[in-house]
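In structure tokens, one chain follows: the form predicted alone.
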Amino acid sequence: MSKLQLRGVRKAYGATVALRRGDMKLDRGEVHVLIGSNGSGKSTLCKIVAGSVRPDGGEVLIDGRSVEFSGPNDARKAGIGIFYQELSLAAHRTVAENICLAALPVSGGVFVDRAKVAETARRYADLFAEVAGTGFSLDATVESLRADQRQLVEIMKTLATEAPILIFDEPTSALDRAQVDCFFGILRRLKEEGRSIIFISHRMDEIFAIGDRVTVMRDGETIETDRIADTDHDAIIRRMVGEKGELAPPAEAANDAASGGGQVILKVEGFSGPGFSNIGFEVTEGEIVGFGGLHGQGQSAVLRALFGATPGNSGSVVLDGRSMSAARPRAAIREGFAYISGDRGRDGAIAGRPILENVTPIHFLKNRLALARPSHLRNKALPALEALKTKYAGLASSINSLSGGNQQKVIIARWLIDRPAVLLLDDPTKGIDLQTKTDLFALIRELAAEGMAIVLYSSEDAELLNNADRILVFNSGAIARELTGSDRTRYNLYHAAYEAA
């Protein structure tokens, strides 16, 4: 009998289907690997098992018994511990407190037992003592730690649950080789004790080093499960790709500039900063260069750094023949950069303010306006909004009154009033509807045809394959491979991302 079994588990968020059919069997004493591209349903499946997401249908069984969890506490009581891809640590609390966070020991039923906390935390911290690095101690606050040390604390917290079923969702993304080896040694010992482990990773070498079986997921469905010993890298990637291995017909034929004959607008050499290193590429007039690879491999970090949103960058950036160093977004805008993020709340919408105010701030900045007549601003804003087919009641309406897709159109429109030289697109279609995506990419291709240089990062493979003239595949903060011409296939995109990992 399997320790854990999932049968036809489903989950949708409105019209977005996150999980169509999740099937899986986890045996005792097994490390079972889940693999799939961004958005394939892996994390949703694990969150359902851990009780943080309630399924719309299907069945979850533990030791052959059907279970339904009202929340994470129910799942913990049933013997499930999880490491979330997005770390869930208390930044201002100590390492020891975070390790014991899932079940803080108490004395007298009221007060935290500090001695017990220290004793428990020490037991798990000692497992990583040789690889934790300088500055790591039980008394240190989590906010003072490096990214790899914080990830180790999250692993220790998961292990401290002592759960018979453990789920690790990309636990090694910030770890170095020695830390990974230490962690894998611990997992092997847990497996020998009969613990059951679900392991998600995008690093192909890790999958073959630690896994017993591998389940491939694609487009929200379980595709196939194999013993690790009976498969190989290429077979796994082909199952991830499915029938969509080839490049879909592009909506527009590549222009002469995009195929290498245009003037170089942006040239980046030896560009390094937080989350990326030694990045080099060129973008010619009228070219769309895509940033591909798995989510969080440095693509967004490079775009934000070029825009001056993150400090401490080094290397050479030449824009239209001029060497530049955009230490702040204000300077980057005046130099000719535009930046559009898929995170509207953080990087885009001015919440609670009218649509007119949301469309025109870049126009004010680039033209150094102190005052402007409303009629002048309306004349500037309306053509940009109409180009994107934006639906709104009036320019005086709050941006909060619009749908997510129309909010994104307003944010994009602000850059169309005074055209930039380079358009940086940071996963711009995240969370918007299909029609808005269609309108947006039609406009992007029009802008490229008019000579604008465009850099596009998208977490959706089809968006890159159908719109980018070249694709630079990122892994671990570096460019692993460039895909051009007929090499721009889904298979090659996956192979470059996973094989390089």
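All residue numbers refer to positions in the sequence shown, first residue = 1. Model, not experiment: these values are computed from the prediction.
One more form of this protein, predicted in complex with a small molecule, exists but is not displayed; see below.
Stretch-level contact check against the small molecule in the model of the complex with heavy atoms at 4.5 Å: of 438-446, 32-40, 60-68, 463-471, the positive one is 32-40. Using a 4.5 Å cutoff between non-hydrogen atoms, S486 does not count as a contact of the small molecule in the model of the complex. E170 belongs to the set of residues with a heavy atom inside 4.5 Å of the small molecule in the model of the complex.
With a 4.5 Å cutoff on heavy atoms, I479 does not count as touching the small molecule in the model of the complex; it lies far away. Taking non-hydrogen atoms only, H202 approaches the small molecule to within 4.5 angstroms in the model of the complex. Proximity to the small molecule in the model of the complex, defined as a heavy atom within 4.5 Å, singles out one entry of T161, Q85, S277, T310, which is Q85. For the options K389, K366, H233, H295, the one in contact with the small molecule in the model of the complex, meaning a heavy atom within 4.5 Å, is H295.
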